[in-house]
Ligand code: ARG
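Taking the form predicted on its own, here's one chain by itself in structure tokens.
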Amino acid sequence: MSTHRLPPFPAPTTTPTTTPTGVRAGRSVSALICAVAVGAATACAPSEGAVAPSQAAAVAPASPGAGASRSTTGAPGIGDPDFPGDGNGGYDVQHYDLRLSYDPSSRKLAGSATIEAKAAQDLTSFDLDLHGLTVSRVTVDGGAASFSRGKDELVIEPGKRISNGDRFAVTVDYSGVPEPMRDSVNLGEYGFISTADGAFVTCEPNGAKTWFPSNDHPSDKATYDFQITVPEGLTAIANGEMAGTPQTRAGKTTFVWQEKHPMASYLATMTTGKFQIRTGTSDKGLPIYVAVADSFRGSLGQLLTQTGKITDYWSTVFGPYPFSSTGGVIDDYAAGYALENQTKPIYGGFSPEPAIIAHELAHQWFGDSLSIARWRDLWLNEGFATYAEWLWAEHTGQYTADSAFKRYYANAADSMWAYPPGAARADDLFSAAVYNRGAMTLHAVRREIGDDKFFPLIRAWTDAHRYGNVTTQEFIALAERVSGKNLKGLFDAWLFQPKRPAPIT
């Protein structure tokens, strides 16, 4: 997510291939990337899909079963101490099949969601997250199930016990006028937001429940099918790739999308409205889908070009692109932020500059492929994506990452020094400290271990945890293993202390 901007810089004085001042490396960043990018020629080839993370990606904290007890009642929270009501215990979702119909004139959404899951304990009841909306029917494995509502919980009691390890499918039929989540401290409105011609759907951190029943926490990732019906003349955009040609009957058009790679619920979208569409491929052959609201039609070509160029470049820096397509959406809803919806970042009411596109596309690795296991580790998403902005500026000759670091460090009065980014707070989740001090942490590591170790570290990180969940402690352990150094003091100073770290020597 992009919400914070870098302070203005003087005119560029560096070239794209100059090694940043103060970074202990004997080669330029571009040369180093070429040296470590094994198989870089195919680094941006489309992924064919993955249904589960590798063994290396398995994470214990806040796993789907973490909130489960020895009883047969699934817990109403997944086990994230900072967001205790988010997600649910007792099962692991494998796949969502969402059949949705939306009418902008009435703002009414009708849906049928089938959730395929695997039990992590014996279950006689379990919860799904759902905010508002009216549930008319629930079945489990085709049999009628009783259900009740409590705040944002849909409590389901199947007709018979589900045994630990069993796979089961629950279908929920529902309808109503979606109500977005409201959080004045963090993002204002988020989730399903109705617009004049459709809907702007951005769900971080826990807004998926505003439009479909889910295990709404990033530690339970799943694949998705979307079947979205809207009035003829409108477009429905979701994650992944479109399956076939949209079909129009009786004044309504149905769009089918498939995301074959595991995805956190907050990254799912069903953005709808009047859009100009363009498709193409990047120079490395990756399919691109971009869409802009009519009022932003002048940005369509630029969005296509920059998205392809930046995605291709990141695949040489961060490792192979993890998904089957890339893209972006500019809606005319003035959200004032961008969000890294998987395969299709969305820009709310503005035409993004390349730095913001670079930020959101970096999230396809950091946040989307590698998803945090608990929200307190948000710097692993935002610190990495902010540092990617600096790397893009370095690559294009605007300024160096080192100059960005020094500019921030020079402001001793910055409030970020009182906010340790390694423990993002629920009441100020998207603090500038999580972004900027998070990025500075990465640069401090880079300065300490040198480019020869830093860039292989980043690629090892994305490879080891591809499609999985991650924690800060895992990154620290890998950094020490790759560098051969004890880095605990460095990470403690930059991530966990409420004060400005000592200068880097």
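Only a predicted model underlies this, so the values are computations on that prediction, with no experimental measurement involved. From 1 onward, residues are counted along the sequence shown.
This protein has a second form, the form predicted in complex with arginine, left out of what is shown; the following refers to that one.
- Shown alone, this chain has one stretch from 358 to 366, 298 to 306, 247 to 255, 104 to 112 that lies within 4.5 Å of arginine in the predicted bound form by heavy atoms: 358 to 366.
- Only one of 350, 417, 430, 289 comes within 4.5 Å of arginine in the predicted bound form through a heavy atom, and that residue is 430.
- Taking a 4.5 Å heavy atom cutoff to arginine in the predicted bound form, the contact residue among 80, 259, 340, 377 is 340.
- Although the partner is absent here, residue 313 is not a contact residue: none of its heavy atoms lies within 4.5 angstroms of arginine in the predicted bound form.
- Contact between residue 435 and arginine in the predicted bound form is found at the 4.5 Å heavy atom cutoff.
- Within this chain, residue 382 lines the site of arginine in the predicted bound form, having a heavy atom no more than 4.5 Å away.
- Arginine in the predicted bound form comes within 4.5 Å of a heavy atom belonging to residue 187.
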